[in-house]
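One chain follows as structure tokens, the form predicted alone.
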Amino acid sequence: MCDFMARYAVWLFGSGSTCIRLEKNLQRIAAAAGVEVEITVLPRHIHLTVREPADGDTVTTIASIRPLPVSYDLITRLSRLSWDIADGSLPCDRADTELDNIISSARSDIPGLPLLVGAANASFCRLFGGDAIAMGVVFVATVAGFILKQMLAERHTDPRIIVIACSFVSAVLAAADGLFGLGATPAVAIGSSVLYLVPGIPFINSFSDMIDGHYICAFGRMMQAVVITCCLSAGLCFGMFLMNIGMF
């Protein structure tokens, strides 16, 4: 049970779960299995201690957190797994097999996802006052940058390099709005072309963990979000510099 809970925690936390969700799910599984569990969540590791109340046997393990893309689908399915165990609809001896099935069927690529991200970013452009031409430019810049992001991720490139490269490509493509005089809102096009790279989930999770008292994990997630934001800004500024676009 300790090994199962460690694997479960690594995948749940790595997919973007907050600390409080991780604790509640593990406590739910432990109660159904008739054991006690103590959890310590750190930015890169999860420390689990499982104790058998009947005989007092204790097992402790430290699991490394996997660097996974954020997946609401995986979080939902893993949370449902904990409820299935708690309700008794899934026996504890089959939980490990079900976890393997969820992990193996996790979807890392969704058909048409770059187009959906491009449409969302174009909508942000309109929300910030961009005209129709700026929306079209942002759509193309976002789709190109997101496809590059997927390609680099498949090659296990450092996430910071991915953000710098994608923001650079999107900024260069979005600069076409101003360089060729295509529309009346080129600044909005450039600014909104990199919004798909903003680390919103790490920022939100860091505040959630801080409110729940997980200060070390909250600080780690905040620093991760800050680093990503700095990489995004570096790629954007380099693209604007290359295209000879004034920043101020």
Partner chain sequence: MDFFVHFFQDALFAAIAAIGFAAISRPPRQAYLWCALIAAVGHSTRFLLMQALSPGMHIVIATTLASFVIGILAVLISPKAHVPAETCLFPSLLPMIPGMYAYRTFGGLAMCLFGSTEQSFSHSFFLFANNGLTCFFILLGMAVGATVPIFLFPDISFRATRS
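Owing to the predicted nature of the structure, the values given are computational and were not obtained by experimental measurement. Numbering follows the first chain given and starts at 1.
Only in words, not in the display: the form predicted in complex with its partner chain, which the text now covers.
Among heavy atoms of Phe139, none comes within 4.5 Å of its partner chain in the predicted bound form. In the predicted bound form, at least one heavy atom of Ile20 sits within 4.5 Å of a heavy atom of its partner chain. Its partner chain is not shown here, and in the predicted bound form it never comes within 4.5 Å of any heavy atom of Val10. Proximity of Thr229 to its partner chain in the predicted bound form: non-hydrogen atoms within 4.5 Å are present.
Among the residues Asp96, Asp73, Glu154, Asp158, the one placing a heavy atom within 4.5 Å of its partner chain in the predicted bound form is Asp73. Met135 is the sole member of Ala175, Met135, Val143, Val169 with a non-hydrogen atom within 4.5 Å of its partner chain in the predicted bound form. The stretch among 57 to 65, 175 to 183, 38 to 46, 201 to 209 whose residues place heavy atoms within 4.5 Å of its partner chain in the predicted bound form is 201 to 209.
Contacts between 72 to 89 and its partner chain, taken as any heavy atom within 4.5 Å in the predicted bound form, involve Tyr72, Asp73, Ile75, Thr76, Ser79, Arg80, Trp83, Asp84, Asp87.
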